[in-house]
Structures are given as C-alpha cells and as structure tokens.
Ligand SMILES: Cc1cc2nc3c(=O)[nH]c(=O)nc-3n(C[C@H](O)[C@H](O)[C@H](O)COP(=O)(O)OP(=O)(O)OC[C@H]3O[C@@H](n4cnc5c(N)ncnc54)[C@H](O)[C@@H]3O)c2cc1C
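A single chain, nothing else alongside it, follows as structure tokens in the form predicted on its own.
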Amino acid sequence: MENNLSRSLHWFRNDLRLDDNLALAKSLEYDQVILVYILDEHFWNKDRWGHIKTGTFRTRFLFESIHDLKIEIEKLGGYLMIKQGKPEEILPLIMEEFSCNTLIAQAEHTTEELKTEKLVEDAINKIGGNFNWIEGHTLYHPEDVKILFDKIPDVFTTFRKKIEKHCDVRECISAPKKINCPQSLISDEIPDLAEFLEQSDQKLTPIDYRSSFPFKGGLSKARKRLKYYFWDNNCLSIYKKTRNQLFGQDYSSKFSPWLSNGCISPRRIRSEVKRYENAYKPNQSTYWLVFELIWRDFFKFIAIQHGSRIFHKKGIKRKIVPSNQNKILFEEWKKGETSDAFVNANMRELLNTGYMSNRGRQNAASYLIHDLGIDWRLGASWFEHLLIDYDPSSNVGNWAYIAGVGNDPRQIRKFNTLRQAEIYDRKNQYRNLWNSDIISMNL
C-alpha cells in the first residue's frame, strides 16, 4: 500500500532546478517524495534600514523561476506544493500529514538562513523527525576545500591559486527521469504576483525597455542562456574583453540571477566551459568565466568561516570606516540624483530594472562610501532590495571589499568615477541612455 512506502520531504530553497541538484537526488532515493517551496514571509519584511528585503524585480524573477520549476516537475510526473508563511511552522505539518520521516534541503551558510534552519531543526525534533542539509551552492565542494585549508585565506589570490592547483570540481549529476509523489497530491498554484507584492506594500512595475537583463527566471531559461552564450553566439570566446562593458545583453554572461536562485549550478556552467574548450580551445575568456565562479565560491567560504561578522560595520578586519547615515545624501544616491552623472546612470538602471553591470556596482559603491561617506551597510541593503541576482555572501562580500573591511588587501579601494566614465563610457552613450528620463518609480 502507498502508506507503507518511504517518503522524504524535499524543501526547495535556492536550488530551483532538477539538474545537478544534490539535495534533490538524495530526496529521490526514497520511494516517494513531497516537493515544497515556501515563500518565507521574513524575506518580504523590512530590514533595519527600512528597505523591504525582496523588492519587485527579484520577486518577479523568483516567481518565474518557481513557475518554470513546477512545469519541469510535472513533466516528470511529480507535483510541487507552494506555501506562504514560516518554514518552521509549515514543514513539520507537511511531514506529519504525509508521514515523511526526513526533511532534505540544500544547506545555506549566512546568518538569516542559518537561523531559519535552526528553527526548522527544533520544530522537526519535536515531532521526532529527521533532517539532512546537503551542500550544493558552490563550485568546489566544502568537504574538499576543508582538506586544503585549516583556515580560508582572507586574500582571494591565495585561495584561488591553491584551489586551482590542488582541488578538483566534482562531476555533475543528471536530472531525474521520473519523480514519484503520492497519488493524492496535486500541485499548488503560484500566488498572483501583483497581489502578493501588495501584501508588502509594493507595486508590480514593468522592467524598463533599456534593460541589459530582459530575461526571465527559470531553469529552462538558464539552460537556454547557457546554450546561446556559449554555442549559438560564441560570446564566451570574448568574455574577458567585453565583461566590463555597461549595457547590452551579450557583454557578460548574465548567469548570476539564475545562479542566485539555483536555476543552474556553478558546476554545470564549469562543465559546459570544459566542453566548449574541448570543442574549440581554452583561452583567457574561458578561464576568466571559471575565475569568476571561484570568486563566488570564495565569498561563500568566507561567510562560512566568519559567520555574522561579514555583516558588521567593521567587517572581518574590525576596521573603523565611515558611518554617516545622512538620509538626504543616501536618497539622492538611491534615485540617481547625485552630482556624478556616471553614478546616476548606474543607479537609475538599477532602480528601473533590478540589474546593473559589475563595473557599475563597483563605482556606485565606491562613490557612496568614499565620496559621500555613507555607511556601506545602507548600500548593501539597497542592493539586496533591488538586485535580481542578490546573493547574501556575494553582495556583502563585494560591499565590504570596496569599504576596506573585507577581503581587499589594500587599505582603501576608491574609484575615480570621472576617470572610469572616460574609460568605459567614452562616447557618453550609457549616461545618455539612463540620464535622459526622469525616474518615476515609487520608492
């Protein structure tokens, strides 16, 4: 009988994919699996700076990713439950209702996510259940990295050289061919996006037509982008030369939003790079794309090592930095209304699309911290609210890096934004594109 079958509960978190999903593979070892995604209410609350943690653009991309995942699951005979509320309340109820003995989910390593894990563990312990957190965020597996380092170096180059020389990336695992769920189960509908946003006093806003990222969320969209960027348009061959450009769909890979939601794994991207190199040949660009994935890993391992310290004003260096929280200056920066046209253009793109180039992010952060003297944590909070590719360890890692309290060996990393504009926007095209219209978004 169906009730005698072993069942697991798989909680999708930032692993919204079927391919190369280690936690899902573990869940599927049972006779049947219950699949659930929870819209954790915590992530639509305001943070200490008054910003709603997950803004409209990131919410839209997330909903698109959940929808795409749901379709792919149903193709394989499975179903996806979609719930709203607190994981520590919802997950034990599902386990009891469907007689699941074990919860399996991808492990997280930053403060808020770990706090949620602890609450979930306590709740499951009360009903006599089990839980299993499976690694799946990183290119290099944490167990392999631990063998190399007693302590993660605070300088990226030291980390990279050792990891490249002595550590291998584990092989990807394929997506399942079938998913067995209880026969009584059906998929839940995804909430209406506009109505969901209204719950946190947000309005659904169309993405500006000028966006460098007009793409949708989802595992199928991530695979499509990978195919296009590597194989259809051969953009990978010139990635290193174009990655610092400011606008356009092909100047960089644009993989980061799909990576942050787990629509694609870093191992799959790296595997495809190796396949590309075998078909053509390795070059600086193929190396540099993997180089950026290692940077992403580095920030995650720093988060594991230093815990909540990465979010503190003094950072991992325990260094005193500007702590001004001038609301007028900060609001001007947020809206792209400073005296710096280059910074304004970048901030207006972010405000209207949820996306900004890496070069733009560095300049906007430097300007806020070193020119305006504003506390870097306010900028990190604003980026968390807006960026569709928000990742807690990468976001705070990059902000702390610019602020001089993170992993930069320099004492200060201040960008000359006027000079940067001359180099990267010599013909003024980017500034003209984004500074031509008045920003009308409701903040």
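One rule holds for the numbers: they count along the sequence shown, beginning at 1. Given the structure is predicted, the values throughout are model-derived calculations rather than measurements.
Beyond what is shown, the protein has a form predicted in complex with the ligand; the following relates to that form.
Legend entry - Which of 49 to 57, 30 to 38, 66 to 74, 395 to 403 lines the interface with the ligand in the model of the complex (heavy atom within 4.5 Å): In the other structure, the partner sits against 395 to 403.
Legend entry - Any non-hydrogen atom of residue 252 within 4.5 angstroms of the ligand in the model of the complex: Yes, contact at 4.5 Å.
Inset, instruction - Spell out, yes or no, whether the shortest heavy atom distance between residue 292 and the ligand in the model of the complex is within 4.5 Å. - result: Because a heavy atom of residue 292 falls inside 4.5 Å of the ligand in the model of the complex, the answer is yes.
Legend entry - Proximity of residue 303 to the ligand in the model of the complex, heavy atoms at 4.5 Å: Although the ligand is absent here, residue 303 would stay clear of it in the model of the complex, with no heavy atoms inside 4.5 Å.
Inset, instruction - Find out whether any non-hydrogen atom of residue 263 is located within 4.5 angstroms of the ligand in the model of the complex, and reply yes or no. - result: Residue-level check for residue 263: no, no contact with the ligand.
Legend entry - in the model of the complex, the one of 259, 152, 181, 226 near the ligand [non-hydrogen atom within 4.5 angstroms]: Checking each option against the ligand in the model of the complex, the one that comes within 4.5 Å is 259.
Inset, instruction - Report the residue, out of 137, 216, 270, 296, that has at least one non-hydrogen atom within 4.5 angstroms of the ligand in the model of the complex. - result: Flagged contact: 296.
Inset, instruction - Kindly indicate whether 22, 26 and 133 are, all three, within 4.5 angstroms of the ligand in the model of the complex, using heavy atoms. - result: Heavy-atom distance to the ligand in the model of the complex: none of the three under 4.5 Å.
Inset, instruction - Using the arrangement in the model of the complex, list in sequence order the residues of 356 to 375 with any heavy atom within 4.5 angstroms of the ligand. - result: Contacts from 356 to 375: 356, 357, 358, 361, 362, 365.
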